[in-house]
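Only one chain comes next, encoded as structure tokens, the form predicted alone.
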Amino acid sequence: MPAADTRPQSLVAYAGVSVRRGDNRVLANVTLAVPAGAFVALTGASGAGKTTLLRLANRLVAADAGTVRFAGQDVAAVDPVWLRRQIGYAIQGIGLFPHWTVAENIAAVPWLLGWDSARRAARVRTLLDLVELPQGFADRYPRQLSGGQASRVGLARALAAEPRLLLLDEPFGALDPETRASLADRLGVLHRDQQLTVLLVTHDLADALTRAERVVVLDAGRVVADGTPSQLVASAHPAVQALIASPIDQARRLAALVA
């Protein structure tokens, strides 16, 4: 009798995916599997195709060729509303509803799913604790929040319906370095404690290498490197080396200023 297959099953799988916008090739024949429970960072230069690849998973972008599967199902063949309610999504700029309270923003998807008020309220309390915001923030409005606080609410909203997959598109990119590091640390804790599958887009290779378990580098719509942080650092691909050179150069300049 053959041994049971104990390999992690792919929660998201891209197979030969291509996307074009007019004459512009955004993605070209991308094949990539994201196992359940993984924390994968997508990085690369501007225009490399990172955000397009991310948005294929929740069908905010449609593939021109190839297939994208979520939990074994072709995303092109399932109800997009059902699909997006299985997937948390947070972007830079947050996009909180300005006339809704923090609690109402966090509970938006559970409300759409028909959760009763007691269950929604309990989930809001849990998530405020998870993102380290005081319970009193539940009755505040987005205009009463700092950028870091709003980002925490955006993360809580993305987690509200207990998604199987969390998509993050530069969610903390506009924040100051200290707040960004704090939220990134909190995300790492949430990933471990909640056993979330996380797909993160970041233009910052240093951020990807220090946060994710696996890093995928895109260049001109193609995957040019895919591996652990240590494997990426050892890569000889020119696109990877260019990404690595930038933070090293910045560190050298800073060292020279404080020497």
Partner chain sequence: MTEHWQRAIAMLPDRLAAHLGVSAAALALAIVVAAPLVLLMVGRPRLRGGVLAVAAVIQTVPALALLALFYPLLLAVGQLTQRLAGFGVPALGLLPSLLALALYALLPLLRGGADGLASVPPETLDAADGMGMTRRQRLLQVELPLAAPIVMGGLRVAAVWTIGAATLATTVGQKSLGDLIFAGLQIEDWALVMTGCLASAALAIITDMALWRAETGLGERRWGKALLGLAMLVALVAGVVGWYTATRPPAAAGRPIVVGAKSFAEQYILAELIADRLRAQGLSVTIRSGLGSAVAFRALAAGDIDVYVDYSGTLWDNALDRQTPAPRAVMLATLRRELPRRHGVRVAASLGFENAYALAMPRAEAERLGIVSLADLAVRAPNLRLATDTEFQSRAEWAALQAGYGLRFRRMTAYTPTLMVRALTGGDADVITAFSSDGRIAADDLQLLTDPRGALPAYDALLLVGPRRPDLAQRLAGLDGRIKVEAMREANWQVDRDRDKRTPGQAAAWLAKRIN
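A quick note: this is a predicted structure, and the numbers were derived from the prediction, not measured. Residue numbers count along the first chain shown, from 1.
Below, we turn to the form predicted together with its partner chain, even though it does not appear here.
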Just one stretch in 195-203, 218-226, 55-63, 33-41 has heavy atoms within 4.5 Å of its partner chain in the predicted complex, so which one is it?
55-63
The one option of L130, A184, I91, A121 with any heavy atom within 4.5 Å of its partner chain in the predicted complex is I91
Its partner chain: the contacting residue among G173, G95, G148, G188 in the predicted complex [heavy atom, 4.5 Å]:
G95
R164, heavy atom within 4.5 angstroms of its partner chain in the predicted complex
no
Proximity of A103 to its partner chain in the predicted complex, heavy atoms at 4.5 Å
no
Does its partner chain get within 4.5 angstroms of any non-hydrogen atom of L112 in the predicted complex?
yes
In the predicted complex, R152 touching its partner chain (heavy atom, 4.5 Å)
no
Going by its partner chain in the predicted complex, which residues of 124-145 come within 4.5 Å of it through any heavy atom?
Y141
